[in-house]
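Next up: a single chain in structure tokens, the form predicted alone.
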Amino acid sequence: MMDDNGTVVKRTHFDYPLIIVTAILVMIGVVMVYSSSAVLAMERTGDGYFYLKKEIVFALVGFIMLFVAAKVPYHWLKKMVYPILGFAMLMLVLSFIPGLKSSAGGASRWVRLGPVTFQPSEFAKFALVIFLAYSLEKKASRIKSFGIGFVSNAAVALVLIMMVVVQKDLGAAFMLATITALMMFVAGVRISYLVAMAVSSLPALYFLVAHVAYRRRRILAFLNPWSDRYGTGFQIIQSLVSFNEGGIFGRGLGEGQQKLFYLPEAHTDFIFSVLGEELGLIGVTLVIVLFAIFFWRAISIGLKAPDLFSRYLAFGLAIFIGVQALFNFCVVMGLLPTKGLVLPFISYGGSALTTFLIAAGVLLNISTYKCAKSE
């Protein structure tokens, strides 16, 4: 087949290392969700398999969507970029509507439609990657321009960022900003513009942290968690205890103690801590290596992509998944303040898991195309 520029593009097989690594990460996630949630599920619902059964359903649905995304040509996303972006914004708006929104910890980050609850911010990150890939390709010839190359892209990202900030989801806002900055950097936007954007955002970031009590306490707990060891510092201290107790080889699968109501969010944001306690340094290293392989394969797919859109799309999805995993690692190890970011493919949650698997499917789709010289 031919691309828009007349270059011959041949369809090849899927990138097998990527799909193998993805499957392994999801399987690890399913096992760890059960291990970290069985006692909690029994306490809350009377069924120790409650979260496991839901996670298996999420994984099955996610893999179906992965294979659909892997089969539908990625060019379709260019035609659907604005409907996808509009749907993401609509879902964020719904999270503020009484009767539809579902709140926890003072934050309105979820939408409840009947028995289904999902987190719109995860899909918003995916939608932003698609939009930026489309927009950066479209404006490639004027990418150095302040208005066309920088402002027009940053403005759309800013709208999404503001919407999730109002949701009190600063972690998602930080991820959206990171995706935007890195994708524009890859596309060739002037570094001076990106630096100016980062510097100009500091006052807003300071206000969002210093003038919001719970965020200010989080930063203080990050700097010295033992100053409030039974309050805001409790979670990170218990996370560090988990890694310490795991040692090199771990306590053994299912034998962790911190998940027994010591470590909050053990099956979601801090599931990596449970893994560290039960599987030790060996398990932690294995998961980090698997994510490194995923990121490497995603970047390789982008480098071999047949056009700018697919190249930027692959790089953006690599950033979306790889950087979020890195941030989660840093948070649970006490290297960053707590942000409420799940670990891709492993943390419990249907909206996140299905979104990450769709993203992996798009990467697999791009991997089946390559350029070849015209005869």
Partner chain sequence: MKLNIRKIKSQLSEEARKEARIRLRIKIVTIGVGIVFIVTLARAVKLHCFKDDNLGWVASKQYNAKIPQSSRRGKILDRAGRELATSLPVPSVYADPKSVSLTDDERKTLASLLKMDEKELNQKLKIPRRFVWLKRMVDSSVIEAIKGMQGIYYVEESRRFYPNGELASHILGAVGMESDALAGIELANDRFLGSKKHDAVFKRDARGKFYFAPVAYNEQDDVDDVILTIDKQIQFVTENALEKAATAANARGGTAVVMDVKNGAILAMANSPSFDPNNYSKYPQDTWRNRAIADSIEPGSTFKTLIISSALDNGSVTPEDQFNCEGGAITIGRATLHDSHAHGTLSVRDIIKVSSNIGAYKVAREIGKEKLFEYLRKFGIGKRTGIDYPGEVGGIVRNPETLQPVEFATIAFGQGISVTPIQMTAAFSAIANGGKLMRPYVIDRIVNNQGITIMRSIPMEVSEPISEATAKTVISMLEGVVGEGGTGTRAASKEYQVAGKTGTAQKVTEGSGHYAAGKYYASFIGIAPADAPRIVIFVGLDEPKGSYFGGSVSAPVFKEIAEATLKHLDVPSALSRVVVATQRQRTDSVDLPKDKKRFQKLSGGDFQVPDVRGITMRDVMEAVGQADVKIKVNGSGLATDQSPSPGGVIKEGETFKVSFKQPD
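Positions refer to the first chain, counted from 1. Keep in mind it's a predicted model, so treat the numbers as computed, not measured.
Below: the form predicted in complex with its partner chain, not depicted.
Inset, instruction - Quick one: find which of 52 to 60, 307 to 315, 65 to 73, 24 to 32 has residues within 4.5 Å of its partner chain in the predicted bound form by heavy atom distance. - result: Stretch 307 to 315 is the one.
Legend entry - Triplet 191, 237 and 335 all within 4.5 Å of its partner chain in the predicted bound form via a heavy atom: Yes, because 191, 237 and 335 each have a heavy atom that approaches its partner chain to within 4.5 Å in the predicted bound form.
Legend entry - in the predicted bound form, the residue from 244, 145, 227, 117 that sits within 4.5 Å of its partner chain by heavy atoms: Exactly one listed residue reaches within 4.5 Å, namely 244.
Legend entry - Proximity to its partner chain in the predicted bound form, single hit among 134, 174, 295, 150 (heavy atom within 4.5 Å): None of the others qualify; the residue that does is 295.
Inset, instruction - Indicate whether its partner chain has at least one heavy atom within 4.5 Å of a heavy atom of residue 95 in the predicted bound form. - result: Contact with its partner chain, no.
Legend entry - Contact of residue 248 with its partner chain in the predicted bound form (heavy atom, 4.5 Å): Close contact exists here: in the predicted bound form, residue 248 approaches its partner chain to within 4.5 Å, heavy atoms only.
Legend entry - Partner contact for residue 186 in the predicted bound form: its partner chain, 4.5 angstroms, heavy atom: Contact check for residue 186: yes, within 4.5 Å of its partner chain in the predicted bound form.
Inset, instruction - May I ask you to state whether residue 141 is within 4.5 Å of its partner chain in the predicted bound form, using heavy atom distances? - result: Yes, residue 141 is a contact residue.
Inset, instruction - Residue by residue through 322 to 348, tell me which have a non-hydrogen atom within 4.5 angstroms of its partner chain in the predicted bound form. - result: Heavy-atom contacts to its partner chain in the predicted bound form: 322, 323, 326, 329, 330, 333, 334, 335.
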